[in-house]
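Single chain ahead, by itself, as structure tokens, in the form predicted alone.
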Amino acid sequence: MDLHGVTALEPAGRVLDGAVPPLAGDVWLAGGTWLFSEPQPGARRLLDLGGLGWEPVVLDDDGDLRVAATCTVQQLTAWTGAPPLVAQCADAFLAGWKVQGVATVGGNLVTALPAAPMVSLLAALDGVAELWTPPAAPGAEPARRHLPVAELVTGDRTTALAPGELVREVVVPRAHLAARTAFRRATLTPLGRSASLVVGRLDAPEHGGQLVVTVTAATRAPLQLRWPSPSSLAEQGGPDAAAAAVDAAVDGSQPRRTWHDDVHGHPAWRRAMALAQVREVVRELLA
């Protein structure tokens, strides 16, 4: 860890309750697996979220899943009610049990790498993030707002977070937990970072029955397309129509509509993989 600019470590609770004012250079610290992995020239004070005691995984009275930002990947996968998609996305970390026992869901979201598997998971399930801004006066409550995870991540390492804002939790609707899903992932090498990850989700008829395709890793930010029902997509041409719709949507007009380009895959290859995967997940869900 070479954070030479950091001069203080502060319990996050003292900032969130207004006892200590926020400062320029504040950085929220959860697991720290990314924060401590490379230089952070702008960091001056670490605000430790670990002592807040947020319950990692909770099913509320409506049956919705509430995942705390400080929930580790290991805690999420250990939840007994986890749908298969949770383990599939957790495996995409390609990290050992030590890392998964420390790396947090919130940290993976706000790092906002195109291949971030918790972004893939929570965007595909239409998770909504609750965001907090520290109060300006002692005793005041943090300001709160809500934003879908698919909109929270805006590009490669960029988010819609305002300065000083943090993710408190992500809420996944009960209906989406029970949905059928299909998962496909491609990498340039057998143990490489995700170069294309596509999740198809088919909601039960009693929950609207929509079909949602979410593309991550291949694009710089999550891209989602929706059809009101499987029959509506089948009438348009099924898997080929879905792939064509995704291809048309990636027009370069914004990061989520741009094929990603880095050492883990050329844009043309990512496009080919993603479109093939879209066909596969749609075919699986229409079967």
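Residues carry their position along the shown sequence, with the first being 1. Nothing here was measured: the structure is a model prediction, and the numbers come from that model.
Only in words, not in the display: the form predicted in complex with a small molecule, which the text now covers.
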remark   = In contact with the small molecule in the predicted complex (heavy atoms, 4.5 Å), from 226-234, 243-251, 55-63, 29-37, is stretch 29-37
request  = Decide if the three candidate residues 93, 111 and 161 all line the small molecule in the predicted complex, where lining means a heavy atom within 4.5 Å.
outcome  = yes
query = Between the options 170, 116, 123, 198, which residue brings a heavy atom to within 4.5 Å of the small molecule in the predicted complex?
reply = 116
inquiry  = To verify the annotation, which of these, 82, 188, 102, 178, has a non-hydrogen atom within 4.5 Å of the small molecule in the predicted complex?
reply    = 102
request  = Consider residue 165 of the chain shown here, and say whether it contacts the small molecule in the predicted complex, taking contact as heavy atoms within 4.5 Å.
outcome  = yes
Residue 69: touches the small molecule in the predicted complex, heavy atom cutoff 4.5 angstroms = yes
ask   = Should residue 127 be classed as touching the small molecule in the predicted complex when contacts are defined as heavy atoms within 4.5 Å?
value = no
message = Using a 4.5 angstroms cut-off on non-hydrogen atoms, would residue 134 count as touching the small molecule in the predicted complex?
response = no
